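Only one chain comes next, encoded as structure tokens, the form predicted alone.
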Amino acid sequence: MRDNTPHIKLFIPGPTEVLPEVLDAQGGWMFGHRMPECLSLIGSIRPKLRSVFLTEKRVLIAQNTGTGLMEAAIRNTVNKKVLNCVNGAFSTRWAEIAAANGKEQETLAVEWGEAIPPELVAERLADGSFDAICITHNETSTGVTNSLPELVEAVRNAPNGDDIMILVDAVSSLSGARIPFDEWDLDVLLTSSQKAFALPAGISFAAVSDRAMARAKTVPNRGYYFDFLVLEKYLLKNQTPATTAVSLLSALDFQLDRIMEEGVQNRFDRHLAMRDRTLEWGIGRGFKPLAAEGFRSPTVSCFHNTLGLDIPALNTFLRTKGMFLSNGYGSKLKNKTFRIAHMGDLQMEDMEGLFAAVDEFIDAQ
């Protein structure tokens, strides 16, 4: 099927380009999720996941995209009130999930394209009424990366800072950016397979601190599918509570071997190099990055459409070259911005090919 389908190389921030050999890793014989083959597979995956998350703690595995683990983080750790930090479309999802689960919450919102200021976090947490904070590390809609170390410092310096759960969505950054879970004293750090991991969509992962596991024991109504305590109980046996996506896990194991071979730090460095080259190209063509210097994402760049390009027409042209990039996200940014992903298994030569094609389109206008 794949051989007869035109290949459109994806420069969108998810789902991302998946290499043929990674897709092929899903093609083995099926086996049961309680069979030794599956236990061995999960046992192989677990230490490699910890290496990518830069943690000695548990990394839970779930059969859903990252939004599911966002809900899990809320359900398992919020007893009193959660502060949701919003600076774009995807950070808004934290607030929506908290509301849908009946959690008391407040929102700290800044303009799209800005980073969350640590001083505002400190100000909002000063009354001691919160027991959790939600942060989107890499806001996919704007290409802004929030400064986690500074935000964590603001949280831990709050009156009850050691009791505040720090819940981080790193769906579009983890494995493309260095996020040392243990060193930065996070509580839940979650991601999913279809972004910088460069896998098909359908599974997600979360590093969870001992502090968060202890909190979960005190939270009633954690739900059935996303109970951290149940997920860990099975993880310790190299299992998942319900039937697992064994084909995706096979691809994950194969991809983690590739990541280990490349080297985790080398992978982070490659993403930064592609980010820097993308910014150099975009600024050189007259496009202004939406994110301020110092907060520009290592995995996706968002540019103001300062040349007034017809973005759908650009993508129609790019399709003839076997490529596709991303329009701005939502009514605020659609056609006013465009996004170029430089994540996963994309290489510098892929980026140069895209830039040459966009240059051709611009020069023909």
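Counting begins at 1, following the sequence as shown. Keep in mind that this is a model prediction, so the values were computed, not measured.
Here the subject shifts to the form predicted in complex with pyridoxal-5'-phosphate (PLP), a form of this protein not shown in this document.
Undergrad: The chain here is shown without pyridoxal-5'-phosphate (PLP). Which stretch in 270-278, 78-86, 164-172, 230-238 comes within 4.5 angstroms of it in the predicted complex, by heavy atom distance?
TA: Going by heavy atoms within 4.5 Å, the stretch is 164-172.
Undergrad: Does the 4.5 Å heavy atom contact test between F90 and pyridoxal-5'-phosphate (PLP) in the predicted complex come out positive?
TA: Residue-level check for F90: yes, a contact with pyridoxal-5'-phosphate (PLP).
Undergrad: Classify G66 as contacting or not contacting pyridoxal-5'-phosphate (PLP) in the predicted complex by the rule of any non-hydrogen atom within 4.5 angstroms, answering yes or no.
TA: Residue-level check for G66: yes, a contact with pyridoxal-5'-phosphate (PLP).
Undergrad: Please tell me whether any heavy atom belonging to A62 falls inside 4.5 Å of a heavy atom of pyridoxal-5'-phosphate (PLP), as the geometry stands in the predicted complex.
TA: No, A62 is distant from the partner.
Undergrad: Hey, in the predicted complex, is N138 touching pyridoxal-5'-phosphate (PLP), heavy atoms inside 4.5 Å?
TA: Flag for N138 set to yes.
Undergrad: Which residues within 68-87 place at least one heavy atom within 4.5 Å of pyridoxal-5'-phosphate (PLP) in the predicted complex?
TA: Sequence-ordered list has one entry, M70.
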